[in-house]
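Only one chain comes next, encoded as structure tokens, the form predicted on its own.
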């Protein structure tokens, strides 16, 4: 007679893990909603910035974690949307929502062009090609001073009316970031997303099975660029200023580091990585001018002891404990 005990125990453990995951998610959501009631305006601004850059990091993770393509151009895509939003409001006199939609559309178009040029390569060649494409955008923003303002950048006054209230703006960004998270989560867990994981694991095998690898990577690149554009459009409203630093290589590297620190291939790790990097940057820079060196040491330690990222390491320890 076959015993059902192992099956029952496994089912109970699975149910317990699922219940704990739901409880943890609800607790985190409760904390995020409660932040405007407990934080001052300055700290609430930092929380808002974390949410914005978490969207950027998630857009990077879609490519790096699920398609096996590590990009170094998403900062340029992000900054493109920021430039278009501020320029659209200041120069064209567009309403803010219209300017934001145009900014996201422009960022998506740039991502599509980048994708057309980069999808046929992989590995270090993909990394270097996307780096070069991002530098092209940076050079345009730096030298086309009649439009972009050059090194002086563009300043706007976008946070007016209800958006001027830090709590209201934080609530809006929280809703958008959560919508972006669930949309990207649905995307990577869809049949299309599962195909991307197959391409990540073995591109040649997926091609031999009849999948159009080039088309899948192109669409993944373009969709990830769309979400990077969403982050850039929100950042324009948050910062009221844009300069070539918004499209510089450092911006792309920061987005990638946030995804890596949180955990590549997790999406939710992007929130953790963004929080760790931005909070450390704010805290350490208040005490020393060598804050970048301190951050570098922290990154090295994470790569040595938690190469799968904070969320990835936590999941590994949790499963070992169980």
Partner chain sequence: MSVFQLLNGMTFAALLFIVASGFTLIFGLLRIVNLAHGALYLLGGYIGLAVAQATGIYLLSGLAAMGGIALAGLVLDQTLLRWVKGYELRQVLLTLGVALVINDLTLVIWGGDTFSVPVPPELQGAASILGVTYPKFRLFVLAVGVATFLALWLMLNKTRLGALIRAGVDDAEMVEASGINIQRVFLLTFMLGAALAGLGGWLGGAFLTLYPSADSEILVFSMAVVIIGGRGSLVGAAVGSVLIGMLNTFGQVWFPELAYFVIFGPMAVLLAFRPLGLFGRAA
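Model, not experiment: these values are computed from the prediction. Just so we're on the same page, rigid core means the largest C-alpha set that superposes within 1.5 Å between forms. Numbering follows the first chain given and starts at 1.
The protein also exists as the form predicted together with its partner chain; that form is not presented, and the subsequent description refers to it.
Participant: Counting only heavy atoms and a 4.5 Å cutoff, which of 163 to 171, 95 to 103, 69 to 77, 232 to 240 contacts its partner chain in the predicted complex?
Facilitator: Flagged stretch: 69 to 77.
Participant: Find out whether any non-hydrogen atom of residue 158 is located within 4.5 angstroms of its partner chain in the predicted complex, and reply yes or no.
Facilitator: It does not: once its partner chain is placed as it appears in the predicted complex, residue 158 has no heavy atom within 4.5 Å of it.
Participant: Flag residue 45 as yes or no: does it have a non-hydrogen atom within 4.5 angstroms of any non-hydrogen atom of its partner chain in the predicted complex?
Facilitator: Contact with its partner chain, no.
Participant: May I ask you to check whether residue 192 falls inside a 4.5 Å heavy atom distance of its partner chain in the predicted complex?
Facilitator: No - in the predicted complex, heavy atoms of residue 192 and its partner chain never come within 4.5 Å of each other.
Participant: How about residue 143: is it within 4.5 Å of its partner chain in the predicted complex, going by heavy atoms?
Facilitator: Judged by the heavy-atom cut-off of 4.5 Å, residue 143 is in contact with its partner chain in the predicted complex.
Participant: Even though its partner chain is not shown here, does it sit in the predicted complex so that 117, 131 and 293 each have a heavy atom within 4.5 Å?
Facilitator: All of them do, each having a heavy atom within 4.5 Å of the partner.
Participant: Could you spot which one of 256, 63, 267, 51 gets a heavy atom to within 4.5 Å of its partner chain in the predicted complex?
Facilitator: Residue within 4.5 Å of the partner: 256.
Participant: Name the residue from 135, 109, 176, 223 that puts a heavy atom within 4.5 Å of its partner chain in the predicted complex.
Facilitator: Flagged contact: 135.
Participant: Taking its partner chain in the predicted complex, which residues along 287 to 314 bring a heavy atom to within 4.5 Å of it?
Facilitator: Contacting residues: 290, 292, 293, 295, 296, 297, 299, 300, 303, 304, 307.
Participant: Taking the rigid core as the reference frame, tell me whether residue 306 has a CA displacement of 2 angstroms or more between this form and the one not shown.
Facilitator: For residue 306, whose C-alpha is compared between this form and the one not shown after core superposition, the shift is 2 Å or more.
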